[in-house]
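Presented below, as C-alpha cells, is a lone chain in the form predicted on its own.
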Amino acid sequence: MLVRNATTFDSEAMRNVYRSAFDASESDITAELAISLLSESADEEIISLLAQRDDQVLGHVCFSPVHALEHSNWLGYLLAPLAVMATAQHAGIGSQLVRAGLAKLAEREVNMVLVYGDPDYYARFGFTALDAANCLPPYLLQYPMAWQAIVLREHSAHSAGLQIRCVPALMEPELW
C-alpha cells in the first residue's frame, strides 16, 4: 500500500472514494469538501493523503490547520474528511492514513489534532473527548462526545477555552 500526497489530478478518484464510502446524503458534500481542500490556501500546509494499491485509490484523509482565536502561537490541525472505498474497509487502510498524517504533524510545531468523529474508531489513535474539552468548535455540535483531540505538544493555552477557527472550506455549518 502506497500512501502519497494527493493532488488536484486525483479529484475524480477522491470523489469515487467518498461516493463509495458514504450514502448519498453525505457523499457529495464530503467529496466536494475533500476536493476543495486540495486548492484551499492556508498559512500552514494542508495535508491531503491518498492510499493507493497499484493504480487504484482506496482511501483519502485530510488534515487542515486550525487556529485558536486568542492564542496566536497555538497551532492545531483538524482531521477531516476521511474515507475508504467500501470494498476496502476493515483492512487497516483508514488507520494507515491517519497514522501517516499524525506522523507528519508530529514532525512540526503542532500542538493538537482535533477530529469530529466516531469515538470508538478514533480512540485507537489516542484521541479523547477530554483532550478536546477546552477547544470550542466553530459551530454547535449535534454529537458533542464526537469532538475529540490528541495533544502532540503541550501548550499553556490547553487549559483555557480555545475558540477554534478552521480554513474557509470547513467553516460551513452543515459540515458540523
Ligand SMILES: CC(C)(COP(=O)(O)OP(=O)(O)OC[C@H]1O[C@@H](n2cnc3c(N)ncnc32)[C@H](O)[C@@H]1OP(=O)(O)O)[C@@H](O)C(=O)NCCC(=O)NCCS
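For every residue, the number given is its place in the sequence shown, counted from 1. The model shown is predicted, which means the values in this text are computed figures rather than measured ones.
What comes next is about the form predicted together with the named molecule, which is not displayed.
For this session: Please check if residue 124 has a heavy atom lying within 4.5 Å of any heavy atom of the named molecule in the predicted complex.
Result: It does: once the named molecule is placed as it appears in the predicted complex, residue 124 has a heavy atom within 4.5 Å of it.
For this session: Flag residue 89 as yes or no: does it have a non-hydrogen atom within 4.5 angstroms of any non-hydrogen atom of the named molecule in the predicted complex?
Result: Although the named molecule is absent here, residue 89 would touch it in the predicted complex, with heavy atoms inside 4.5 Å.
Problem set entry | Contact test in the predicted complex: residue 120 vs the named molecule, heavy atoms, 4.5 Å | Looking in the predicted complex, residue contacts with the named molecule include residue 120, since a heavy atom lies within 4.5 Å.
Problem set entry | Partner proximity in the predicted complex: residue 105 to the named molecule, non-hydrogen atom cutoff 4.5 Å | Heavy-atom contact with the named molecule at 4.5 Å: absent for residue 105.
Exercise. Residues in which of 109-117, 130-138, 32-40, 63-71 have heavy atoms within 4.5 Å of the named molecule in the predicted complex?
Worked result: Going by heavy atoms within 4.5 Å, the stretch is 109-117.
Exercise. Mind listing which residues of 94-114 have a heavy atom within 4.5 Å of the named molecule in the predicted complex?
Worked result: Going through 94-114 in order - heavy atoms within 4.5 Å of the named molecule in the predicted complex - the hits are 94, 95.
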